[in-house]
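There is one chain below, alone, in structure tokens, taken in the form predicted alone.
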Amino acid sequence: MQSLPLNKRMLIFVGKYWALMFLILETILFSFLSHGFLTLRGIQIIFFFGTAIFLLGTAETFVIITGGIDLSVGFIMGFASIVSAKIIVALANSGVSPAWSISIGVVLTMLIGLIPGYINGLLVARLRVPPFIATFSMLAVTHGVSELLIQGVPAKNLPYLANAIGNGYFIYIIPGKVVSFFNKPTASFRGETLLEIIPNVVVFSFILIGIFGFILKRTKFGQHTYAIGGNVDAAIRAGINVKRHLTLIYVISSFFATSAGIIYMLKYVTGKADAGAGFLLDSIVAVVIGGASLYGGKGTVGGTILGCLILAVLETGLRIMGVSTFDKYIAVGVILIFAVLIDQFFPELIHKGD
């Protein structure tokens, strides 16, 4: 790389690290324009409200690396929020304790939530239905089933424990006196400064993301995922069971969408059919910003998280400034166009810098 002219080296640097530079620049900008943005509370708000984007973005990462796309994740998320809320309320009303109601509801919802992904995988891998058509059809199915379950009325009356989990924190600190994990200090400490560190839902989300990020980067399953996205015919000749692998990829996507729905239910103590409808575009944009190619074969979970952070910072900063949501859509569209141009025109040049 040192033998290249200075302008080429600078172009390679910008092409490789533009997303990180953009994140730093927008953070600096909002820290000046938005009061309270660059504080502990402001940073935690970014991650708290960004959990859905982080989880759905990770879901799309696995699918997009294989050269596919999953349009159903937003409504699978809504479906999961309703199913989990309905099960928990039914169990609680039948006399089951709140802790057991939530535990059983979460486990059953995770199992039920894998079904749409499995069907997507069968349609794409075995019946050769284009991913766009297969997942768009599942979007419609899950949306329709969700609306039938709630009949136009959001799921409600969940136990208070659900709210405590969804809006609680991993660590509570009263400086010089108390450090408590998950459990908020009692009323005897009223009047003291209470620091709330890392929302529970952020901890749960990043444990899942970290596990699957490791799987994608360090295991044979991850290698096969990249191989399928790079050249499916070569992957078949190499002995990879492409049909089974693709089915698992869409199950993983559904797993993350279901997790996002459960977390939505815990955060807002309700379930809504369209809970994730607004996050589909953001999740795909985040993957592309993070360096994945829509043609398949390239992408990382770490890159996707960087893309998610760019969108989460953008949305939080604009919200604090009181800017209209419509302006966010314009900004996201412009960022997506820029990311696609980078992917289209810079890959060979960037590769020279490696």
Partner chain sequence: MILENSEISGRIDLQKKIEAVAKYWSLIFIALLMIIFSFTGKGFLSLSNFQNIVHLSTVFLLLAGAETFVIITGGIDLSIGFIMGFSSVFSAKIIQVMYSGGASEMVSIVVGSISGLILSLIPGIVNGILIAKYRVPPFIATLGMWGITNGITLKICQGFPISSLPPKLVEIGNSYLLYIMPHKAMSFFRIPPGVADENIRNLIRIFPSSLFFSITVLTILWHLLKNTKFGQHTYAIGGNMDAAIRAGINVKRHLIYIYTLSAFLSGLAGVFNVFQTGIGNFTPYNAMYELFAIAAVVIGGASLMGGKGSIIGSILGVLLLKILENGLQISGIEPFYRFIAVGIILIIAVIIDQLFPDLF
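Numbering follows the first chain given and starts at 1. Worth saying up front: this structure is predicted, and the values here are computed from it rather than measured.
There is also a form predicted together with the partner chain; it is not shown, and the following applies to it.
Which single stretch, out of 263-271, 103-111, 171-179, 123-131, brings residue heavy atoms within 4.5 Å of the partner chain in the predicted complex? Heavy-atom contact with the partner occurs in 123-131.
Residue-level question: is residue 136 within 4.5 Å of the partner chain in the predicted complex, judged on heavy atoms? Yes, residue 136 lies within 4.5 Å of the partner chain in the predicted complex.
Residue contact check: residue 99 to the partner chain in the predicted complex, 4.5 Å heavy atom: Answer no; every heavy atom of residue 99 is more than 4.5 Å from the partner chain in the predicted complex.
Check residue 327 for me: does it contact the partner chain in the predicted complex (non-hydrogen atoms, 4.5 angstroms)? So residue 327 counts as contacting the partner chain.
Are any of the heavy atoms in residue 87 no more than 4.5 Å from a heavy atom of the partner chain in the predicted complex? Although the partner chain is absent here, residue 87 would stay clear of it in the predicted complex, with no heavy atoms inside 4.5 Å.
Quick check: do 20, 53 and 291 each get a heavy atom within 4.5 Å of the partner chain in the predicted complex? Zero of three within 4.5 Å in the predicted complex.
Tell me, which of 154, 210, 185, 278 has a heavy atom within 4.5 angstroms of the partner chain in the predicted complex? Result of the distance check: 278.
Do any residues of 284-318 have a non-hydrogen atom within 4.5 angstroms of the partner chain in the predicted complex? If so, which ones, in sequence order? Residues within 4.5 Å: 284, 285, 288, 294, 295.
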